[in-house]
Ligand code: BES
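This document starts with one chain, in the form predicted alone, laid out as structure tokens.
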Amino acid sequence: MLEIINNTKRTTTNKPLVYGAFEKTDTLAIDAKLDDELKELIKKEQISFKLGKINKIFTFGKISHDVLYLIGLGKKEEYSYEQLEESLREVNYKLGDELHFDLASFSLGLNDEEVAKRIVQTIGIYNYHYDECLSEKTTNQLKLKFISEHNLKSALEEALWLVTAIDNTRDLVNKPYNYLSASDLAEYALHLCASLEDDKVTARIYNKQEIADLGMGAFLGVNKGSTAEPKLIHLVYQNGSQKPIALVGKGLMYDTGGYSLKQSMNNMKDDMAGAATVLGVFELVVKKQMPINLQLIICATDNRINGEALLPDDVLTAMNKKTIEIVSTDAEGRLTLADAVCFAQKQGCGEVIDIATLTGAVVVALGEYTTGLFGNDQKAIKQMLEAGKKANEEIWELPINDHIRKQVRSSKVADLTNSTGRTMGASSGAAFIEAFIDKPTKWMHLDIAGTSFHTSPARKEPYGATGVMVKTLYQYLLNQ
């Protein structure tokens, strides 16, 4: 958890001072009382400014700060916002409960406001710790103060909003199923809307009978094996004149695979990461007071097994009356998304963006740090890729071609098949959702199956939920 304060000058505090420095630096002009000692340490190569290196220097009372942290920024000629973020991955509460940043030392050639935002965002993301289920809690409170001649209040406030939204997203994904059912998620959404205290926000939660009345047979088919009530979550933010943009999040609260039982179910609590992501983005959009119309749709349920559960060979009828042959009950997320995107279009949304932990195939294709992107509008896809680049989140466009579309429509007993097998799995999943998008609706699909949850983090981030795509989607909507 972070607290942010904008200073205008260095204060007489004993809290640590954080200073950035590049490789091949001969001397540092931090304070005349330290300059000679630091120059000598550099000369003897006892401190290093390689990217991400943290040098802890005790000042022995020569300046008010008891400790000086020198952060390696790497090669000066390669410095960028991405390098800045990488340099800060190990800066967290373990360095102290209050850190004072000399902003100018991190801003060379970059915009001060953007640098301050990146510092807050990166440290906030890497300072995260989920301990809800632990008997002993971790105190990871961290206060950041910025020494700068600029007024950073607005930039820092926005950065803190973003960190809070990402942390809220990660908390939801990290919760085990017995802490977070579909009903619990619906309650969270209502509480979020109430906490935003904005009359431009409205919320409605549909129960099982109301979902049936809407004709959402695909969504309810997934819920057949569960004793837990499904919920259709619909949030609306009305603050513009254009057609609404819909964010659709996959809300599989837990996925056993159904009768197409998974060999391993560990961490399937994260199958609602798409739902958590869109809730995080919605929170940011309202706080930012973006002049847009935004709708959030989540079909929330778990995929379980009992005597009533969905079976392979069953045929379901979706909200738009298209029929679906069930080849695999483990290809369930796309069934809920089919009805969700239909609902979004019936609400008048001109653009639909769905976010889902949809396929293991995307992990095989792109790994754990690149999100797969599909869509029917190249201009929108380009804008999403640009937003991802600015947000420093990796995205790669993947194809949907006519051969893949034909495979999705290859059922001999229904309009569509819900699985085409192991080959082209990410693309066929996207092609299935695309079949429920009517012209001229713009549509994009983000498959975060590999990027939403890390069990063996390779970039020094905490174990578990990542909050991926919250920054990108926020940036994309800002650009609109």
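Small disclaimer: the values here were computed from a predicted structure and weren't measured. From 1 onward, residues are counted along the sequence shown.
Just so it is clear, the following notes concern the form predicted together with the named molecule, a form of the same protein that is not shown.
The putative spot formed by 270, 331 and 334 is fully lined by the named molecule in the predicted complex; each residue has a non-hydrogen atom within 4.5 angstroms of it. Screening 288, 262, 143, 389 for any heavy atom within 4.5 Å of the named molecule in the predicted complex leaves a single hit, 262. This chain is drawn without the named molecule; in the predicted complex, the residue among 169, 359, 295, 223 with a heavy atom within 4.5 Å of it is 359. The stretch among 392-400, 247-255, 75-83, 337-345 whose residues place heavy atoms within 4.5 Å of the named molecule in the predicted complex is 247-255.
Using a 4.5 angstroms limit between non-hydrogen atoms, residue 59 is distant from the named molecule in the predicted complex.
Taking the partner from elsewhere, residue 419 is found to have a heavy atom lying within 4.5 Å of the named molecule in the predicted complex. The named molecule in the predicted complex is not approached by residue 433, whose heavy atoms all lie more than 4.5 angstroms from it. Residue contact check for residue 449: one or more of its heavy atoms lie within 4.5 Å of the named molecule in the predicted complex.
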